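For reference, the chain that follows is the form predicted alone, supplied as structure tokens.
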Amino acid sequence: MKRRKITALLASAIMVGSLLAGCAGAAPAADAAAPAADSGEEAAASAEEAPAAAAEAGSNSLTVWAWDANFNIPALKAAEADYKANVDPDFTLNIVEQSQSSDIENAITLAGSSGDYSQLPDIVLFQDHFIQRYVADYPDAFVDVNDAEVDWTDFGEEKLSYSTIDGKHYGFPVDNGTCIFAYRVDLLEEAGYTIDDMTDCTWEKFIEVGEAVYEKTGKYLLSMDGDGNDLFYLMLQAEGLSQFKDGKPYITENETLVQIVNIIHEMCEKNVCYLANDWGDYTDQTIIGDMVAGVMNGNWIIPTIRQVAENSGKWEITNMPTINGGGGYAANGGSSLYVTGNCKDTDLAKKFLAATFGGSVETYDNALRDGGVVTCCISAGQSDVYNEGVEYFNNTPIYAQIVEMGGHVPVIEQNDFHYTARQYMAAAMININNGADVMTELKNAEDQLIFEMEGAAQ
């Protein structure tokens, strides 16, 4: 088992907290987290009695660990209600809430390190960005679900690329991390533009509009957490590229990434983009504080946008700009449900997950209503509920739009050091905006990333 790799991964995960964990617009956890082993012991201990309780309840019950009482938990409750109503009225889903995603990651690390998986539940919710490393290092912790009765072609390829390992399906997608670009259409109009001008546009056109919006309204057309900067990843994915190539950092020789860094720098210089100091500044100051006329991130940012009640009806969404235009698509965050090696009834687990998150309109309709979880299942996203106009977004059917856009997100190379790359790229961008040389800073970021990856491999 490659325990040193997982230790490095957890260090990175704890450092960034749960930025993408719930994907419901929640702020990251504080950096001052407990050591990985201790966190894992606490997570295992907090749920130690749940599997035993489930076993006593009978063969028509399952236990799942998940986080986020306002997002993932309502989705699981919707699935339980759906299954009880349409498959087995005596079924019970025992939901054990964890404080954040790293609780589950650490508990699996502890179990894998000791070779004792007996304290794991039947099912776990797990972050997409980390699952492949965990399955590789702790294969006994998970069971493949390749034989589940699911039409896997009904899900976007990008979403499935995380949970498909060595040609086998391991996870049932839950939340859709598809990126939206939301615009204040009233402010665009004040500057002489419409949402149509922003659809399929180039970054050059975006900067032109952004300068006009700032001149007319004093608001930025884009903001991002400068400390945990996702712009590089999102903009690069929209071009069909990654910050990694063949398992290695792909930064200084990545001409498109260098171009993107220069575009971000130009946007910051021209008051088109505001890089916030941290996550709280990004959400509270720029979005809730009404500093921006545009927001680009995973669609889980929608609840944050909607906190400004007086702006209801003034927003609409579209796709991302790209360097050459034509429509850009990306995804940021997300998670899936996995059956563990300790599951007492894998057939029941697969049947339950297939009948609900495998494509049930009822599960996904209620998950959207109750928690804001947007389906990754293309057919479920065509329901009447998804096609309802959303008042806050000018009565447009944004959730159907999001599912449709999700089908266009390109599959790119992923890496367990995703968040580490983000850390070094964010620092490089701050230095570049303060006058440092672009290529020097990118070389520093690349060297630091290589050093950390090689150290973890030893």
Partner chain sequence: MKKKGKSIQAKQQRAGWIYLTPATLLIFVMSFYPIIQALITSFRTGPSSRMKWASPLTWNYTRMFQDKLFMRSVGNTFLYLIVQVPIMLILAMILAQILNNKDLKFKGFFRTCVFLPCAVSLVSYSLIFKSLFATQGLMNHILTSIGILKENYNFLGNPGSAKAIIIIALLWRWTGYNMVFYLAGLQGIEYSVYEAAKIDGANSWQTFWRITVPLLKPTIIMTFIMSINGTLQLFDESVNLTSGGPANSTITMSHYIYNNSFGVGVANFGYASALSFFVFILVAILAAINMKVGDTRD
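Predicted model only: the values in this text are computed from it and were never measured. Numbering follows the first chain given and starts at 1. Note that the rigid core is defined as the largest set of C-alphas that superpose within 1.5 Å between two forms.
Below, we refer to the form predicted together with the partner chain, which is not included among the displayed structures.
**Student:** Is Gln423 close enough to touch the partner chain in the predicted complex, meaning at least one heavy atom pair within 4.5 Å?
**Tutor:** Yes, Gln423 is a contact residue.
**Student:** So, Tyr138 and the partner chain: in the predicted complex, are they within 4.5 Å at any heavy atom pair?
**Tutor:** Within the cut-off, so yes.
**Student:** Taking heavy atoms and a 4.5 Å cut-off, does Tyr83 contact the partner chain in the predicted complex?
**Tutor:** Tyr83 lies outside the contact set for the partner chain.
**Student:** Would Asp345 count as a contact of the partner chain in the predicted complex, using a 4.5 angstroms cut-off between non-hydrogen atoms?
**Tutor:** The answer is no: Asp345 has no heavy atom within 4.5 Å of the partner chain.
**Student:** Just to confirm, with a 4.5 Å cut-off on non-hydrogen atoms, which of Gly156, Gly112, Pro249, Gly210 contacts the partner chain in the predicted complex?
**Tutor:** In short, Gly112.
**Student:** With the partner chain left out of view, which of Arg306, His169, Lys350, Arg133 would have a heavy atom within 4.5 Å of it in the predicted complex?
**Tutor:** Exactly one residue meets the criterion: Arg133.
**Student:** Choose from 257-265, 103-111, 337-345, 298-306 the stretch whose residues reach within 4.5 Å of the partner chain in the predicted complex, heavy atoms counted.
**Tutor:** Comparing against the partner chain in the predicted complex, the contact stretch is 103-111.
**Student:** Counting only heavy atoms and a 4.5 Å cut-off, does the partner chain in the predicted complex sit next to every one of Asp227, Asn444 and Phe451?
**Tutor:** Each of the three qualifies.
**Student:** Could you list the residues in 415-442 that come within 4.5 Å of the partner chain in the predicted complex, counting only heavy atoms and keeping sequence order?
**Tutor:** Heavy-atom contacts within 4.5 Å come from Tyr419, Thr420, Gln423, Tyr424, Ala427, Ile430, Asn431, Asn434.
**Student:** Quick one: once the rigid core is lined up, does Pro139 have its C-alpha move by 2 Å or more between this form and the one not shown?
**Tutor:** Shift at Pro139: 2 Å or more after core fit.
**Student:** Does the C-alpha of Asp225 move 2 Å or more between this form and the one not shown once the rigid core is lined up?
**Tutor:** No, shifts by less than 2 Å.
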